[in-house]
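One chain follows as structure tokens, the form predicted on its own.
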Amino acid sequence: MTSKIHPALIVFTVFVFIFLVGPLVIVIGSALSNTTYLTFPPQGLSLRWFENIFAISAFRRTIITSLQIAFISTFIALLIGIPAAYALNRYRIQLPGWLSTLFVLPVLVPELVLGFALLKNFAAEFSAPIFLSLIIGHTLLVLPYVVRVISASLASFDFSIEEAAISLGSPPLKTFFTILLPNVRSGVIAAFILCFITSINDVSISIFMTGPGISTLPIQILAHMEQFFDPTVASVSVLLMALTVGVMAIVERTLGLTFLAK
């Protein structure tokens, strides 16, 4: 016997769907407008503002910079976070309890506070290069996500398999790469996607770390909005959304989202 869905639940679900999807529809509609100012609904359809993104040298430069920072900071976070998550799960009894909290401090501290602290105590104190400061800031920002996601994958891993491989003569380092990593591959991929998207969309850290000649795409969007009110910023937002969807589509095509859910 099938139970009928209450009409109020259907109405509530529709409102939630509109609340989530509505802003995306507005941004896409504004990006396709042929007017010289942001408006919705669009007065006409045009792709001129997408062309304008690549016509402005600042946008071309910051897109490349943002991609470089996102890839490098995510790679460094994985290099640090995977061994850290392994140690926290493998030796959870021997290690002090506060050590796991240490890796989530960047999440507990507001990003604006973290950005200001990096600016005052690292960029200004040591006169660090802007690009290096951005990489360090973004790495600290995404590192907790790597540790938490990999730890969740390792929570169901049976470490007796690793011990059995070592007892049969496999070197510990080879065991780590051939046995442990393949078992947490879904967590590594999920951590990479989460960190990359977080880094490329970050504003709070980047706004403190950027300087003359080097900026990120979200900061360039803010700078463009201070001088212009055209749909270029909406077009850039659509490109960022497309990049996010593209990353997810690549994972779906190569591994499948069902694989990440394992």
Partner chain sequence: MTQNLSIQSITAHYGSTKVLEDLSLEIAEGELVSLLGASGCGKTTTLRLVAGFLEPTSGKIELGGKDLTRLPAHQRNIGLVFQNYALFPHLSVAENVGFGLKQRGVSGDVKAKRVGAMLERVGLGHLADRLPGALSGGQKQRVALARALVIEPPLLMFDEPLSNLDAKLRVDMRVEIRQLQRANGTTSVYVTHDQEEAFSISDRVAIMHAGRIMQLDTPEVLYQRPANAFVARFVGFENLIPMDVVARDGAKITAEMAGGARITLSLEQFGTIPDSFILACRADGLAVTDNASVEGIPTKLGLRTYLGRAYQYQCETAAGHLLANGPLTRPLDIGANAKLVPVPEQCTILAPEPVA
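Positions refer to the first chain, counted from 1. These numbers were taken from a predicted model, which means no experiment stands behind them.
Keep in mind that the form predicted together with the partner chain is missing from the display, and what follows is about it.
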{"item": "Proximity to the partner chain in the predicted bound form (heavy atom, within 4.5 Å), stretch among 137-145, 179-187, 104-112, 74-82", "value": "179-187"}
{"item": "Partner contact for Leu132 in the predicted bound form: the partner chain, 4.5 angstroms, heavy atom", "value": "no"}
{"item": "Proximity of Lys120 to the partner chain in the predicted bound form, heavy atoms at 4.5 Å", "value": "no"}
{"item": "Partner proximity in the predicted bound form: Leu88 to the partner chain, non-hydrogen atom cutoff 4.5 Å", "value": "no"}
{"item": "Exercise: Glu163 in contact with the partner chain in the predicted bound form, heavy atom 4.5 Å", "value": "yes"}
{"item": "Partner contacts for 148-177, taking the partner chain in the predicted bound form and a 4.5 Å heavy atom cut-off", "value": "Asp158, Ser160, Ile161, Glu163, Ala164, Ala165, Ile166, Ser167, Leu168, Gly169, Ser170, Pro171, Pro172, Lys174"}
